[in-house]
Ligand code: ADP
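Given next, in structure tokens, is a single chain: the form predicted alone.
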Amino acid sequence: MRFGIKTIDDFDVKGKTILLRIDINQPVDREKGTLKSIARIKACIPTLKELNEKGAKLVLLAHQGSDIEYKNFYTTQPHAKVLSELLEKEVEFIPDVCGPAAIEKIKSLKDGDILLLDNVRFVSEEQTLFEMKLQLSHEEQAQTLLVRKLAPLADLYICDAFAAAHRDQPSLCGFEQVLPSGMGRLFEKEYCVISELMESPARPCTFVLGGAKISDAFMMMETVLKAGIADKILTGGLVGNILLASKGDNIGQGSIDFIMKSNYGEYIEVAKKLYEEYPDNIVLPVDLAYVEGGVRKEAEIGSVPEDIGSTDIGSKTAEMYKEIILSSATVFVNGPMGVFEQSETELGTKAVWDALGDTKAYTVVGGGDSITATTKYEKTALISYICTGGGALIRFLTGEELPVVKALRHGAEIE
């Protein structure tokens, strides 16, 4: 047991039916029906292999696609093919989650069999809108359809989905109320690495925050600054734009319109207070980039054309950020500096990742977009630790007890 949570070592799994929640959510090529990345799938292989070799019957639960927009949901069928190839063993897929077909299939499993259920978010109670509106307690989640149907078929519940540990949904927090529960090897590793780093990071400790997950970013920023964990926070993407706007700097009306249209206006005041309190720790872009007529253009803060929307940090900022990263001893990165998927607006993100590859610091990268950037710029082998979680990593760094951690601690008490 570690951190009050049971591990695989605490169970005799031979012949046991295990509900194993994994996070294999990956970008999908819908035209080809294939996955664009398999990074998260690779990360959970050690847990699957160990449980399988010990003779367990594995029932895999996973989601695929954005949990806000239903149109982004997709079947987990392509994932079964990739899992089979990586494990060199058949992982059977069934296009059902907790209906009669899934139930009968689970009942027929033999020792060593592995079954992947379809996307759990096809069940409405697994959607974040359901989570946000109803805010079910963990005890109430134990009464949901998914848990009532699947829990009686299983002996144990193992969660290896650290990337989804900030979610409060039945497949993540409900089973621990009724089944002996523990964490998988990936969850254990990520929880331990981040915990140890946060307790005593080597100095200087630099955070690089970009992307568009605003609420999480500002929550984490406040925590690591108050706790004295971060010496410097380099900002880019929407995070940087909101901080600049809070100072009254001109970032282009297009950027302001996007902030307001996305209902992020309230964070301008949050950013203002934060920057006023920690002006020496928060580093803002000194120039921004935008695209005009298909061509990348840059402007220093104060000289940004009024009608544009910035989509990347500028060259001067990128160079400044590189120097800070190279002189750091610990670097946490979550989120790109701009729209790195397009060649005109990838300079800032590429510069940061080049610095991550060159620095002698202990580097931690977290989040889906950050992992994609790591792969794109071929830095995977050069990063000290790649965390599969984005939102979970940020929430963990705020000091907040993650819902899944709380649930697993409860599950540790069930025999």
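Residue numbers here begin at 1 and follow the sequence given. Remember, predicted model here, so these are calculated numbers, not experimental data.
Just so you know, the form predicted in complex with adenosine-5'-diphosphate (ADP) exists too; it's not on screen, but the next bit is about it.
Relative to adenosine-5'-diphosphate (ADP) in the predicted bound form, residues Leu238, Ser310 and Asp369 are all within 4.5 Å by at least one heavy atom. Per the 4.5 Å heavy atom criterion, adenosine-5'-diphosphate (ADP) in the predicted bound form is contacted by stretch 335-343, the sole one of 101-109, 198-206, 335-343, 74-82.
Contact check for Ala212: a heavy atom falls within 4.5 Å of adenosine-5'-diphosphate (ADP) in the predicted bound form. In the predicted bound form, adenosine-5'-diphosphate (ADP) sits beyond 4.5 Å of every heavy atom of Phe93. adenosine-5'-diphosphate (ADP) in the predicted bound form is not approached by Phe218, whose heavy atoms all lie more than 4.5 angstroms from it. Looking at Phe258, you'd find a heavy atom of it within 4.5 angstroms of adenosine-5'-diphosphate (ADP) in the predicted bound form. Residues from 1-36 do not approach adenosine-5'-diphosphate (ADP) in the predicted bound form: none has a non-hydrogen atom within 4.5 Å of it.
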